[in-house]
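Next up: a single chain in structure tokens, the form predicted on its own.
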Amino acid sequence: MIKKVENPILEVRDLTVTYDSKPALCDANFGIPQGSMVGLVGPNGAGKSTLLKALMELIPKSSGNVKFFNENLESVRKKIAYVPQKESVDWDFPATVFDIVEMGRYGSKSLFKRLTKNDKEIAREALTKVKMLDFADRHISELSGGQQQRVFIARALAQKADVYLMDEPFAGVDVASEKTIVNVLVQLQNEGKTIFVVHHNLQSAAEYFDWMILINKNIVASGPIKDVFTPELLQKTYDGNLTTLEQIGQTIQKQQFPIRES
């Protein structure tokens, strides 16, 4: 079930990515509406991170087409912010928290142009939003996993983007960090921004997102969460994994997390 979207802010057509001649993502087709909070959900090895990297042209695609704002990425790159998986970052890089967040401002600058007082204020505001301003002078290696994740989200906020792509921002973070991150994402959505999140926790997915994409190398479903977060589609996505499906059934039956209306 792929919901057709009129004037999508992101449109993907026939996107295929291969590694060593083996398909990691096959003929992905979907669109997402502006201002949505999108959860990208599927089992390990389903192609979730591959999809995000292909959208950002960090890895080559074998075929297909991607449009943001009905334009190629290069034309609108400044409007797109990307937060990679925490594990892919070199945390020994010699930089402070403030240095990292400032990097989010360089995309809006011409080559060799220095940051202004206003740029630095935007960086401070971003750190304040993720409750990390008090750590501005700390080296990033001194932070906990949740704090590190908040810093990279602050860097994305400093870009003042319209679309945010985040690869498992809740993975390995503490409860306080997860709550802070969720609040930031909700605030972004309230401002009309579009958020696209790789997520692995099905129990919280129904609470966090109003649009969901189910993936297992192919796009199984894409649409409002009330249409997509169903036992039938989840079973198809997770290949009948009994443990996962049992958790899904318990979540839906107990209605621990209300389905958000789109």
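Please read these numbers as outputs of a predicted model, since none were measured by experiment. Numbers for residues come from their place in the sequence shown, where the first is 1.
One more form of this protein should be noted, the form predicted in complex with a small molecule, which is absent from this view; the next part is about it.
Listed residues 32, 37, 46, 228 were compared with the small molecule in the predicted bound form; 46 is the one with a heavy atom within 4.5 Å. Residues with any non-hydrogen atom within 4.5 angstroms of the small molecule in the predicted bound form fall in just one of 202-210, 46-54, 63-71, 218-226: 46-54. Taking non-hydrogen atoms only, residue 9 never approaches the small molecule to within 4.5 angstroms in the predicted bound form.
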